[in-house]
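Single chain ahead, written as structure tokens, the form predicted on its own.
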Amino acid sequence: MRASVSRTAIVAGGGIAGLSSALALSLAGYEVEIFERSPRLEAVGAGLQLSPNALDVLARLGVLDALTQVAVAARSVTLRSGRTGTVLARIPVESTAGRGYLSVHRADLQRVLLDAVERVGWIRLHLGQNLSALQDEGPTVCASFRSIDGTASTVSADLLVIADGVHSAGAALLDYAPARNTGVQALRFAVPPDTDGSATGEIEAWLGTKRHAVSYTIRRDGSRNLVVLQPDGQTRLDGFSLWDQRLRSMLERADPVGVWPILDVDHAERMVPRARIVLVGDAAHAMPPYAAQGAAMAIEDAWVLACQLFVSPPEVALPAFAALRAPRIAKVVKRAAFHRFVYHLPPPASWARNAAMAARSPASLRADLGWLYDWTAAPLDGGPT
């Protein structure tokens, strides 16, 4: 269901959060202008995971069919001992209703979203535009941008959505505290396809003391994403020298993509509602990746925001959005912290963890995440699902 276009929105940021927000707002009756600071839309990083809750929104945005053509379906996450590779647990990741789980190259998801944006006549994308000032007074919000050639412009709209990531210029202009380093860094690698070109959908994580590794296929040719998380400041992989031979073989033939510090922000502070300005995605609630929900939460944000704006003006919709999202974000952040604690346990605590996992069925392990994966998007008009 698409409302008639009668209201205007500015979206600062052209990544997953910004593009998803623009698409959702266009369905809610908004004419949208996206301002992205980069001169070209280039995805940073290699891969990401999209759980059933995110896929439910992407289906409503009309992009899921295109995404499934480039993504790889997964049915479970396999947790392994870092040292031996022994399977500790296999956790199903499909929703109770059967909605699947995908892993995908970040650039492919961004391209699918961008293609959809370009098909909507009332969404316009401006590249090379840095958010430099904003004002939220009166009946509209004003945002100023400076282009890479120094040209300045100011735009007014009914709404400003700040979706410019963990290093958010919008958050800085609102005097929010900057992102915090969590003391962990991610070393990302691109693993070329196996010689047989097979593409398995299995997501694997190797667990160890103060560190772990995650790998999953991100393209149909069998290309894999491999992420190593370890204490900040350790740029070498010495801590993995005695780990599972299969993981070490993968690392030996992988191409480094880069090293990223794992950051978070004060989501409670940033999600307090304002009159006509709202933060979404990492700008609002950047979190460590231990629950693989960063992209999913941004995509959820986009839809929930649009649902509120479909039926109410911003001054009513934004407090309602915050009331809906803040408890869920807090719960996901708490779950991610729990995963970090459990994944990084040293012996002998890790032995007890392994025994506890072995004693549980896959179904019971999946049930722990039912509240997360079984979330479904409300209809845009607030009617029955």
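Computed from a prediction, not measured in an experiment: that's the story for all the values here. Residues carry their position along the shown sequence, with the first being 1.
Below, we turn to the form predicted together with a small molecule, even though it does not appear here.
Asks: Taking the small molecule in the model of the complex as the reference, which of R248, H267, R188, K210 has a non-hydrogen atom within 4.5 Å?
Replies: Partner contact (heavy atom, 4.5 Å) among the options: R188.
Asks: What is the one choice in V112, I277, L131, C307 with a heavy atom within 4.5 Å of the small molecule in the model of the complex?
Replies: Contact check passes for L131.
Asks: At 4.5 Å between heavy atoms, only one of the stretches 89 to 97, 134 to 142, 238 to 246, 161 to 169 reaches the small molecule in the model of the complex; which one is it?
Replies: Only one stretch qualifies here: 161 to 169.
Asks: Any chance Y176 has a heavy atom within 4.5 Å of the small molecule in the model of the complex?
Replies: Contact check for Y176: no, nothing within 4.5 Å of the small molecule in the model of the complex.
Asks: Is there any non-hydrogen atom of A296 lying within 4.5 Å of the small molecule in the model of the complex?
Replies: Yes, contact at 4.5 Å.
Asks: According to a 4.5 angstroms non-hydrogen atom cut-off, is Y343 in contact with the small molecule in the model of the complex?
Replies: No, Y343 is distant from the partner.
Asks: Could you tell me if S26 has a non-hydrogen atom within 4.5 Å of the small molecule in the model of the complex?
Replies: Close contact is absent here: in the model of the complex, S26 is far from the small molecule, nothing within 4.5 Å, heavy atoms only.
Asks: Identify whether the small molecule in the model of the complex is within 4.5 Å of every residue in the set G14, G18 and W260, based on non-hydrogen atoms.
Replies: Checking in the model of the complex: G14, G18 and W260 are all within 4.5 Å of the small molecule.
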